[in-house]
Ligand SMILES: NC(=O)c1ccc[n+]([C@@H]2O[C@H](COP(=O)([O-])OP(=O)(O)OC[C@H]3O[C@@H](n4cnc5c(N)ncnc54)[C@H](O)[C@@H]3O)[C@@H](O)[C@H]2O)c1
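Shown here is one chain on its own, the form predicted on its own, set out as structure tokens.
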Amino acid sequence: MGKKKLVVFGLGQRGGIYAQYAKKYPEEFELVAIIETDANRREKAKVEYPETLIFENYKDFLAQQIHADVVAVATQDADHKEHAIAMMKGGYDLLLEKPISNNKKDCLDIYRASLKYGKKVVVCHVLRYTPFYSTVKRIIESGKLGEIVTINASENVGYYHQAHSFVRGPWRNKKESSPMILAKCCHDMDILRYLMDETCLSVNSQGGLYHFNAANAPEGSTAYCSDCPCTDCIYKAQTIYTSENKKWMAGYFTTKELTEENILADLPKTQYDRCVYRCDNDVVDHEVTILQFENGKTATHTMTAFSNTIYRDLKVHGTKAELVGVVEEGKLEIRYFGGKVEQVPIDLSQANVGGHAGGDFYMMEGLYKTLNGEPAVGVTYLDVSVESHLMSFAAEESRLHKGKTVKIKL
């Protein structure tokens, strides 16, 4: 298989993973260009990727007519329509960050543009590529579980991740980004559609913003954690961002080395220093969704902010056995009806770039294979990904109407 030329459009956390993969596996990808509007990130990119062309404006990149096999669009959700269509019109196939876009119309416009320009678009539904979910898919296809009747899944966001991304961060307000069921859970809608392997016909959903609002603000608290007297608050920014396993989130407000000194110096009065009870957030902190598939099969999904750690769990119920597992634990258990229990270990040893329980690594590996015309597990294109997004939009419509049934139409 031959080396492929990659462009990264948006060198944030997600785009940085794709650039790092190309650097680590130069026999697979050559990073030919980076497009990034942030000056600090461009300067860092010049040091990190000295042989790569770097552009501030995507229009300048397009004017150069640089040959590339794929452009990874990893810009903000609201910009995806403009950026994705411009790149396809310019002749490029895409690796498009999820969500496709933050509203139904733009998602469909991007899909129609892919048909118009004849371009392939792989959406970054990285969970598909994890050893955990790819193993689940293989087990289902093996017939060990019998016929699948229902799937129950939950996404436990983690109290600190909710605070960072969905209360203080870029995805806190659905008008500025997208509803929680899309921004965070379109991965899960995609997984349910992928595992069930049937079209979803209708959705019911209920949930809301229960905790992160002014009514729950501690007495005496202030607008910013840096001058707040409530030192024992579990959401105190100075405590969260300097905790060893949470420092990665500080990269959203500082480009310096993530030392405690640098973090505490750059944090005050940023949006990430804001009191979680006094922000302009409006996305939900809990939501339960019921999905009806075409042959009478069902699935449920629970999203909650209120967990100690970040984890997803899954139960697949078949006519012969049930499958139970937690992604982050790297274990699956098949419970056959009649008593036998089979333990299925998950191997993550090869995944050495990115996160998502190996999903980032295996997605890039799958992308490389499919660009070379080789079969790649999990890779589908925009037509399938649009369907899972419509499931998310339907869930939000249902939630806003107190759980009414919403039918899905492409």
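The structure displayed is predicted, hence computed values, not measured ones. Note that residue numbering follows the sequence shown and begins at 1.
As for the form predicted together with the named molecule, it is not shown, yet the points below apply to it.
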Kindly confirm or deny that R14, D38 and Y252 each have some heavy atom within 4.5 angstroms of the named molecule in the predicted bound form. yes
Just to confirm the contact call: exactly one of 222-230, 313-321, 78-86, 200-208 touches the named molecule in the predicted bound form at a 4.5 Å heavy atom cutoff, so which is it? 78-86
Would Y21 count as a contact of the named molecule in the predicted bound form, using a 4.5 angstroms cut-off between non-hydrogen atoms? no
Is there a heavy atom of W171 no more than 4.5 Å from a heavy atom of the named molecule in the predicted bound form? yes
4.5 angstroms heavy atom contact with the named molecule in the predicted bound form for E97: yes
I'd like to know whether C124 contacts the named molecule in the predicted bound form, with contact meaning heavy atoms within 4.5 angstroms. yes
Would you mind picking the one in H187, K119, R193, R274 that has a heavy atom within 4.5 Å of the named molecule in the predicted bound form? H187
To verify the annotation, which of these, A74, V327, V71, I110, has a non-hydrogen atom within 4.5 Å of the named molecule in the predicted bound form? A74
Check each residue of 105-119 against the named molecule in the predicted bound form and list those with a heavy atom within 4.5 Å, in sequence order. none
